[in-house]
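Before any questions on binding or motion, here is one chain by itself as structure tokens, the form predicted on its own.
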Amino acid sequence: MKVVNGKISALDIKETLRYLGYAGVKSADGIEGLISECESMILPSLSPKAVYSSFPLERGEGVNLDLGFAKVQSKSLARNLEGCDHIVLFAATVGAGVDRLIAKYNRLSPARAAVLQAMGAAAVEQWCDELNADIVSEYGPARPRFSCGYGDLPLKLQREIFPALQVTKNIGVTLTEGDFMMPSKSVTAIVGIKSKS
């Protein structure tokens, strides 16, 4: 099991615009100043952390998968893990500072809160992309990451991911009764590692 800390010194503003509903727009007139202001507020509050580990993958009948830490039935995940013989499971977060900032601006300025919300989502995706690149350089070619709640992979699988990676102990993320993560800008994912043969 590996625990890593990261640093984000600049955000992917295109991704922030996408989360704000400006996908494909060359220039978002009127909000550039707000985006710039929010970026300077959010960057100091980001504290990217992650934990990951590899597990053997075994396929049963049909869509039955043994992920090494849990057994699941998922057509979507089975398709995603085609040609893989093991997985890397990870949990990642950009920390609780973002949630505190969003809560503060929900009261003071809903427009800033909306931009900060989008920036937090973009930041955790950016951190996951970086983590994914590290996993590929360590384990070899991989399939796209796949998270609980996508397709038919149940959100309740989080209940087995958390103890498998000791998520709360390692990176400080907790799980709500509804299987959502706190801090909210956190992700768990399964990365299929392609078979060498």
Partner chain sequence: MNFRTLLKNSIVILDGAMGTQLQKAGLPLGELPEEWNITRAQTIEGIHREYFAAGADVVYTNTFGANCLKFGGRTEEVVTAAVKCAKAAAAEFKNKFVALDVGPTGKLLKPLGDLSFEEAVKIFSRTITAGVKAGADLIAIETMNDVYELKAAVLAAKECGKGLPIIATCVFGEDMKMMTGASPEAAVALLEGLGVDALGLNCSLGPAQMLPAVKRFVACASVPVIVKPNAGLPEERGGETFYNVSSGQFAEDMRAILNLGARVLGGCCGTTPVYIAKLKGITEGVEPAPVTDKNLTCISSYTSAVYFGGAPVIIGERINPTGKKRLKQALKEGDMAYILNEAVTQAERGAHVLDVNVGLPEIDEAAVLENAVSEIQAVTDLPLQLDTSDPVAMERAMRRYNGKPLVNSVSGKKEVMDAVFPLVKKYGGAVIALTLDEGGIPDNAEGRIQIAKNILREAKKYGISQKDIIFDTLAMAVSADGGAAVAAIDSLRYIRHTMGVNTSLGVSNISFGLPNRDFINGTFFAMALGAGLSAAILNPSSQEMIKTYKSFCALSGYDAGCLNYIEYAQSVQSAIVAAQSATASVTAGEKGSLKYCVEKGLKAEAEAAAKELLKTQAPLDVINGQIIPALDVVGQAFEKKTLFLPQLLMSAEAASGAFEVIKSAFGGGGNSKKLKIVIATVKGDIHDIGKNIVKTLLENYGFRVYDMGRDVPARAIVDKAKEVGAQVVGLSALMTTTVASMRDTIALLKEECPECRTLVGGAVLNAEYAEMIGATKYAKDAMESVRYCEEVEKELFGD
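Numbering follows the first chain given and starts at 1. Not measured: the values here are computed from a predicted model.
Just so it is clear, the following notes concern the form predicted in complex with the partner chain, a form of the same protein that is not shown.
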- Considering the partner chain in the predicted complex, find the one stretch among 166-174, 57-65, 140-148, 126-134 with heavy atoms no farther than 4.5 Å from it. 166-174
- Message: Residue-level contact is defined here as any heavy atom of the residue lying within 4.5 Å of the partner chain in the predicted complex; does L43 satisfy this criterion?
- Response: no
- K2 within 4.5 Å of the partner chain in the predicted complex, heavy atoms: yes
- Query: Would Q73 count as a contact of the partner chain in the predicted complex, using a 4.5 angstroms cut-off between non-hydrogen atoms?
  - Reply: no
- Query: So in the predicted complex, does A189 come within 4.5 Å of the partner chain, heavy atom to heavy atom?
  - Reply: no
- Scan 64-102 and write down, in order along the chain, each residue with a heavy atom lying within 4.5 Å of the partner chain in the predicted complex. G68, F69, A96, D99, R100, I102
